[in-house]
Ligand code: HEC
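Given as structure tokens, the chain that follows is alone and in the form predicted alone.
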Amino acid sequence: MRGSVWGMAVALGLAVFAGPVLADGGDIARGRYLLNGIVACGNCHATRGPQGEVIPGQELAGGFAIELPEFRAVAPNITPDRETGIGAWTDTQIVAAIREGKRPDGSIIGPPMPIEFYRDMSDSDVRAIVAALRSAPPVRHAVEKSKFNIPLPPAYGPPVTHVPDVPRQNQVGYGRYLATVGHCLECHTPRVKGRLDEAHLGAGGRELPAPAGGVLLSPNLTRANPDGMARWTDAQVKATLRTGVRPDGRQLVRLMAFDWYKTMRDDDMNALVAYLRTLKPVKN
């Protein structure tokens, strides 16, 4: 699992946008479920008020800024507005943006979009997300461009041609898939020279900008952390993911997308927790 950062999602309206579609379309219900849950697109792409609150009706309209020494990234408008959003893009171009980090003009999408995680998103799920984005109400909202103090790669890898579905009967395997498209380890893995340290997956220590200012350090999710989820029951882990409240009563910062995770079905949540339990213990 490799990646850049963060994610995209939140409550979508029901208006249908008549845009260009893939030949076999996509499952809108599945796409909305992913957007509103584990993929959590609105955690970055929602327009937010002065207290960090999501502005109703602008759940995917962009404008949220993430500032680190490496960049000032401003989440774009991903509603189907043709002028300020992605309404003029074909479905194939939207898929390429999600899984390959490439815009229709050929430019590369930089962090914190977790392209290297989304490369493993299945064909059916990425098409479902496109269908859900098409069904969102278009919102006219122009946002500033992101600025990077680091070079962006010429590409995140070769074109993604086919990614099959992961069987849900394999609970741990499907949980790993959910953690991948949810880019959980993007924030919970340290970096070496700007890249995820794959030998320390889930070991935490990643510096992240706090919404109210300052810097957060992501916690170690592995069993090597005696004060972390290793001591929590599965029920406590699931409750924390859904409510943002730790078993000791402390509130998680809203950089964690618990407002979206609370919509996950029990079977998906069980699979996610089952996979997290398998992370190799790493001290950090």
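What you see is a predicted model; the values in this text were computed from it and never measured. The numbering used is simple: start at 1 and walk along the sequence shown.
Keep in mind that the form predicted together with the ligand is missing from the display, and what follows is about it.
Trainee: Would Leu252 sit within 4.5 Å of the ligand in the predicted complex, counting heavy atoms only?
Mentor: It does: once the ligand is placed as it appears in the predicted complex, Leu252 has a heavy atom within 4.5 Å of it.
Trainee: Hey, in the predicted complex, does Trp89 get a heavy atom within 4.5 angstroms of the ligand?
Mentor: Output for Trp89 is yes: heavy atoms within 4.5 Å of the ligand.
Trainee: Please run the contact check for Arg48 against the ligand in the predicted complex: heavy atoms, 4.5 angstroms, yes or no?
Mentor: Heavy-atom contact with the ligand at 4.5 Å: absent for Arg48.
Trainee: Residue-level contact is defined here as any heavy atom of the residue lying within 4.5 Å of the ligand in the predicted complex; does Arg168 satisfy this criterion?
Mentor: Heavy-atom contact with the ligand at 4.5 Å: absent for Arg168.
Trainee: Determine which one of 196 to 204, 180 to 188, 158 to 166, 134 to 142 lies within 4.5 Å of the ligand in the predicted complex, judging by heavy atom distances; exactly one does.
Mentor: Of the options, only 180 to 188 has residues within 4.5 Å of the partner.
Trainee: Looking in the predicted complex, is the ligand within 4.5 angstroms of a heavy atom from every one of Pro76, Met121 and Arg246?
Mentor: So, yes: the whole triplet contacts the ligand.
Trainee: Can you tell me which residues in 266 to 284 come within 4.5 angstroms of the ligand in the predicted complex, by heavy atoms?
Mentor: Heavy-atom contacts within 4.5 Å come from Leu272, Leu276.
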